[in-house]
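One chain comes next, on its own, written out as structure tokens in the form predicted alone.
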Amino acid sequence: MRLDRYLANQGAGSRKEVQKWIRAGRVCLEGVLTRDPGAETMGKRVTLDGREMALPGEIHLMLNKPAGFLTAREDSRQRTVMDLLPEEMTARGCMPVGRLDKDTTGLLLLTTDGVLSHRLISPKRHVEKVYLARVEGILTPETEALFARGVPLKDFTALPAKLEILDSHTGRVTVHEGKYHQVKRMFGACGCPVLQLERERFGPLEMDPKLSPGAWRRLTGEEAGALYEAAGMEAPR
């Protein structure tokens, strides 16, 4: 595959943008700078500004999910996160890792590796998810203590979670579970209904600040490797 096409398919930028970057000397093949957009990438390590891009094979994406989109494969009446991806990604079977509520925003991972996805969302792996929440009511040290003990809900008691109060209406919470509406229910049980919820981190990966809502990119080889490590798996070569 041509270098410019490869980088564009990775989500690094448009075809014209990556051609400009290549000619500007920002891209290396196997550690060697190249200014040829047509250079062959087959089996070669590609870096952009020193950042390694994932090699062809399994596809792993980072999406900045906007509000108003369902985390689902398809829906006959509402837009889904799959509508934000190009056809070549959906055709390869790239699917969300876990779910974000329709009105929840931020980091959503997608992958073609079903085993990786299953292990990342398994409660046995204790993979952390970090959310920024804006709430009604007042967050207090007692709220922090309740999160640390485990918030009792109607059908289960949430595992202990870390709540960092940023101001009286804003908190950053770290959880190891991902049950239906769990974070919202935890805050609601403390008398602080959630107004806005954004996921900032999933396991070792943080939301790329360069991604605007609705934008996506492929994970680098290093990022994908960190995900496999978090899942207790060996990254495919």
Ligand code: URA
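Residue positions are given as counts along the sequence shown, with the first one as 1. Quick caveat: nothing in here was measured; it's all calculated off a predicted structure.
One more form of this protein, predicted together with uracil, exists but is not displayed; see below.
Peer 1: Would you mind picking the one in 62, 59, 197, 48 that has a heavy atom within 4.5 Å of uracil in the model of the complex?
Peer 2: Selected option: 197.
Peer 1: Consider the chain as shown here, without its partner, and state which of 181, 169, 176, 44 has a heavy atom within 4.5 Å of uracil in the model of the complex.
Peer 2: Only one option qualifies, and that one is 181.
Peer 1: Can any non-hydrogen atom of residue 147 be found within 4.5 angstroms of uracil in the model of the complex?
Peer 2: No, residue 147 sits far enough from uracil in the model of the complex that none of its heavy atoms falls within 4.5 Å.
Peer 1: Please tell me whether any heavy atom belonging to residue 75 falls inside 4.5 Å of a heavy atom of uracil, as the geometry stands in the model of the complex.
Peer 2: Outside the cut-off, so no.
Peer 1: Taking 4.5 angstroms as the cut-off for heavy atoms, does residue 100 touch uracil in the model of the complex?
Peer 2: Judged by the heavy-atom cut-off of 4.5 Å, residue 100 is in contact with uracil in the model of the complex.
Peer 1: Would residue 104 sit within 4.5 Å of uracil in the model of the complex, counting heavy atoms only?
Peer 2: Residue 104: yes, in contact with uracil in the model of the complex.
Peer 1: For the stretch 121 to 135, return the residues whose heavy atoms include at least one within 4.5 Å of uracil in the model of the complex, in the order they occur.
Peer 2: Contacts from 121 to 135: just 131.
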